[in-house]
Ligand SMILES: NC(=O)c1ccc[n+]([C@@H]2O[C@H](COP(=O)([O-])OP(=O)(O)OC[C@H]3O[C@@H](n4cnc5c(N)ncnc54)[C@H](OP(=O)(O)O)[C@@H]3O)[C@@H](O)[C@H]2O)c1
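First comes one chain, alone, set out as structure tokens in the form predicted alone.
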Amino acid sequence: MTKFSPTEVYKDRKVFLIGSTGFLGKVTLSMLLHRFPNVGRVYITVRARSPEESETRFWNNVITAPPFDPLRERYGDALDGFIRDKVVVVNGDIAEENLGFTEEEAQRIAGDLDVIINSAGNVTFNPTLESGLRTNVVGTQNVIAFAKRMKRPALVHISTCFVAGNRSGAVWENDDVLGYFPRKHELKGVEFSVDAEIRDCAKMSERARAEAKDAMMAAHFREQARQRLDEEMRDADDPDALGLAVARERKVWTRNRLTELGIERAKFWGWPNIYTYAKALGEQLVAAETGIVRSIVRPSIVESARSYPFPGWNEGFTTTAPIIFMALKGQRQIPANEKLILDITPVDLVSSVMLAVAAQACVAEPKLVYQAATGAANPNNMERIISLVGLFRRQQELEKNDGLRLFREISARFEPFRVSAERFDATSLPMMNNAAKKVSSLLDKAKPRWGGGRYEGVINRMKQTVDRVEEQTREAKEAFEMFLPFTVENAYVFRSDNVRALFESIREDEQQLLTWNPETFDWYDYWMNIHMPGLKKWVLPTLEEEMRA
């Protein structure tokens, strides 16, 4: 069998990378330019108010980021010239028809392309239903329509392994995509249609917005607005202030209502949140297009780089960051299924899969689904991960030189440990949150109605402290609950047979350019010396600032 050369494939090819400003997108763009400098041209979208602002954002915020350090090391002062020769920045938005381009621009760009890689997406677990669908579904429809303008339409669509939904066991790359929903075997005789879902979601959004205009709801918003203005010691009889406050209450209610409806719909079909539901709809749209070259890449949890651009690079709100952050701050009880495999794939391996599939799509018809996951080849379960987090916390405590040696030695012994979800609810953050709510309510009742001078001031200060505790424990509780489907409930084993076969088909002298070798990972080394130090340097400081805000 003749093996293929990504270097030869990418020579003079034109690639459109959508979503190049995110964590995964920046690493992929940097790797493409570093490993395949003979690539013809790379179009990238940077959403902004004007083409000039797109260029400014790219040069100020994207190319200056750490993922491009290897290119800076290679080209030095010549980097600007290399980038200007290879990269075309366009002001595009996949939520808009023609990706926001004019008809002429769309045809010109599409006609110059060999492959599109769409890694754009809303990765918030539970946005409003409309927001989740705008990028992950409507955006996908727009990218497909744009791809059809190409001389040879070829699309690589980035999804997620977790479209599998609430289920356990092996998840195979050749499982059905079209018509899939996680409760398929439970809801006998029920058919799932992506087109019907899109129509029904639009109707649901319209009903929610109509409900917000109901006379009773209008009175409710007015009552809440007056109460808020009174609490803020503002004039509730000022028509301008009251009008703005009423509009705000309606907007908040509508947003919350659309989120509730989206979560309810996702969970009915068997997905744990709006994100996985919307991503599943998006990839079913891609799978339905049999007249184009298309492939779906599903990463598992994308985390710190193993080697490229350098070990430990991470960015943004990653899945493990909040749990590790709280454990390092002293949260001891971690709800988890000890045997469950937490499938994590370093970002550079995911980028390698994306670029390998895109190269294949330029010259042949790739498989429909590639799962960039490590759990089948090299499983790492929650029990071991929690013990590694505890070991890292102990090291961090003992390394602190703050004059509190005895305290640090005692603190280092309080390591996190696994508990069931039931015990977590009864004895940890949810219990503390409920207690704070009750104390806050009692303080409200204890506040004198006649104006109690110093006594009222003491009550108010106590209530502010208790309310802050309630807010912090609620946010921490919600963070743990958000990840329960991945740490407690669903014991996935994501198979990556198509990925392995694809990388085996690459010429041996080029396999160092695009790497897929999860079976060789030493998870102890990755977590202790790469992943957690990377989070500590690149992610946790920002997370701490956000939680203090």
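Residue positions are given as counts along the sequence shown, with the first one as 1. Here the structure is a predicted model, which is why all the values come from computation and not from measurement.
This protein has a second form, the form predicted in complex with the ligand, left out of what is shown; the following refers to that one.
- Three-residue candidate spot K367, S496 and P518; no residue lies within 4.5 angstroms of the ligand in the predicted bound form by any non-hydrogen atom.
- Of the residues given (D93, E197, E173, E397), D93 alone sits with a heavy atom within 4.5 Å of the ligand in the predicted bound form.
- Contact annotation: of the candidates A266, A110, A120, L133, the single residue with a non-hydrogen atom within 4.5 angstroms of the ligand in the predicted bound form is A120.
- Put simply, G534 is far from the ligand in the predicted bound form: not one heavy atom of it is within 4.5 Å.
- In the predicted bound form, the ligand lies farther than 4.5 Å from every heavy atom of Y308.
- Within 4.5 Å of some heavy atom of the ligand in the predicted bound form lies at least one heavy atom of P299.
- Residue contact check for H34: none of its heavy atoms lie within 4.5 Å of the ligand in the predicted bound form.
- Only one listed stretch (189 to 197, 210 to 218, 94 to 102, 388 to 396) carries heavy atoms within 4.5 Å of the ligand in the predicted bound form, and that stretch is 94 to 102.
- Applying a 4.5 Å heavy atom cutoff to the ligand in the predicted bound form picks out I158, S159, T160 from 146 to 167, in order along the sequence.
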